[in-house]
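Taken one at a time, structure 1 and structure 2 that follow are two forms of one protein chain, written as structure tokens.
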Structure 1
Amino acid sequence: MIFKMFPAAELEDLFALLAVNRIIGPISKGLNKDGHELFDFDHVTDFSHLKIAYTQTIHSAKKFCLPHHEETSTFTFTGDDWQKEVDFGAHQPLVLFGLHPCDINSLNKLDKVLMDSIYPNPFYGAKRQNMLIIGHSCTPQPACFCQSMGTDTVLAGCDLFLTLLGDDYFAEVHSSRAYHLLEQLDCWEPGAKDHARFRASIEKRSDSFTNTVDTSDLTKILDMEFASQVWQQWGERCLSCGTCAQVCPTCYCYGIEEKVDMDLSRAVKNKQLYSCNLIDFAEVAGGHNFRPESHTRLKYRYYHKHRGFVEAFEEALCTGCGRCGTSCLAGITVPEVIASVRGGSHDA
């Protein structure tokens, strides 16, 4: 891999180089009731709005390739016949500026199921292919457990990854696009001293994780504890509100609804991201519901992420970003749920 260094102050120049494109990056959404700043990804037109030292965004960046709502096709009716039109919806390339490792890895995970398996999803693919991603190092937060999920570092999935070392950036160059971009900055080749600085920084970061999940043999344990009481206890707390799946960077399930215009001349097929925690997720014709109780749905979410996906792709469908636990009003967090399941039928 090619590494470069450049002064941190030149981040603005990098931004400026890309500013002809639509840039998505972390911005401030104001303060919460305790005075902590809230962040989210949004369009950034002015470098001063970019909060590159952000902690964690409320929502993930998946909405830019997997929007909550999407028109997958439209029909126009003439007489009794119809025409269908499909628009995959990649109208403008995007620059994602400042993604943390967990969020880059979440896109890699989504790629596996949405692009690199049978029946790739072109709606996702079209947008995903048209992204330039600039990763940025982070400071582990109390809710983060990406280290346990093996997603705390980035091996692929971005064009450029920047680690802040004091007043300089250590840049991992993952694509030729990024290489050419860096040519426009005052870069230098990192030397042994820079490498040492980099190593010290990642070691320090590694040591600063406070939250962990034990994933060893988790697929088997989940099968063993399928009937565990623990699920019921979590189920009682769950609001079945779908918040966890909405903020999760790796949840992708959806529902389809077709809508006819009022003059009956046009119809659209709408896709809406869904959540397996919602009561009618597994309801079928005739009204039978395969998962009528809240705990069965909550359990399914863990099954899909930590068992089924592992079976299919040899990794869990969770990056340990901690968003679901942070957003869940009932305080249901992945580390606690998994610890309680591993602990057998102990108290949740």
Structure 2
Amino acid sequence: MIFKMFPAAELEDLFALLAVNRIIGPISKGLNKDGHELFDFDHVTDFSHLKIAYTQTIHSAKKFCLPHHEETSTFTFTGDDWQKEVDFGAHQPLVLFGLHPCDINSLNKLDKVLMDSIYPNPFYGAKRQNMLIIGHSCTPQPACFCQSMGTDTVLAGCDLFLTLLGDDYFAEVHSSRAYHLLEQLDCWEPGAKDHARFRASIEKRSDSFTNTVDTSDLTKILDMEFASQVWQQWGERCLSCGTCAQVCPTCYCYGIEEKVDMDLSRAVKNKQLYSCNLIDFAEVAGGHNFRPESHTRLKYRYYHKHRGFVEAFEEALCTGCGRCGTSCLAGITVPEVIASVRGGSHDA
């Protein structure tokens, strides 16, 4: 890997070089009930609006390659003829500016399912391959447990990753596109002191994580505790609202809805992201529901994240970002649920 250094003041110049494309970055969205600033990813045209020192966004960047609602195809009928139009939604290059490690790794996980599997998703793939990603270091928040999930660092999945070291940026170059971008900035090769500063920064960040999840032998424990009473207890708390899936950077379950005009002249096929916690998720034709109880739906969501995905891809689907617990109206968090399953009991 190639490493470079450049003054932090030149981040604006990097933004300007990329501004010929549509840039998505963290911006302020207001304040929460406690008066803390809320951030989310959105279209940014002015560098002064970019909040590069943000804590965490409400949603991940997933929505720009896996939208919550998407029109996949339209059909028009004229007499005995008909025509189908498909729009992959990748109309222009997209720059994701300032993604934290967990969000970059979430896209890597989605790639395994939606691009590298036997049945790749062309709608996701078209948008994903049309992206340039600039990663940025972060400060662990109280809800974060990405270190436990191995997603607190980035080995792949972005073009450039930046770590702020005082008045300078330490840049990890992951692609030729990023290399040529940095050629237009005032860069220099990092020396021994720069590498020492970088290592010190990484160690300080590593020591600042306060939230953890014990993942040792977790797949075996989940198998043994499949019928545990703790799932019933958590299910009684769960509101089955689906909020966790809406903010999760790796949930990809979806439903398809087809609409046909009354005069049979046009039809549309729409895809929308869904949640396995919603009551009708496992309902099939005829009205039978395979998972009518909230605790069963909640349990299977955890088994998909921490058991099924591990079996298929040798890593958990969860990134440890903590968004689900932060947004949950019932206060259900992954660390608490996993700890209760490991202990075999729960006193909530």
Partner chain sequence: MTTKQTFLGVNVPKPRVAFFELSSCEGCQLQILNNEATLLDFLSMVEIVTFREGMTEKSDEYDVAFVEGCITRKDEEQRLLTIRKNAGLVVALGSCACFGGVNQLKNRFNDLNWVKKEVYGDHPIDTQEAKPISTLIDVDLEIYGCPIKKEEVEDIVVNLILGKSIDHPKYPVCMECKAKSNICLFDLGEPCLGPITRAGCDAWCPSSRLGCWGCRGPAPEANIKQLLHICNEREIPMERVMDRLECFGGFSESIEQLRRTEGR
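If you're wondering where the values come from, they're calculated on a predicted model, not measured in any experiment. Between two forms, the rigid core is the largest collection of C-alphas that superpose within 1.5 Å. Residue indices: 1-based, along structure 1.
Where the criterion is the form predicted alone, structure 2 meets it and its counterpart does not. Superposition of the core reveals a Cα shift of less than 2 Å for Ile118 between the two structures.
The Cα position of Asp261 differs by 2 Å or more between the two structures after fitting on the rigid core.
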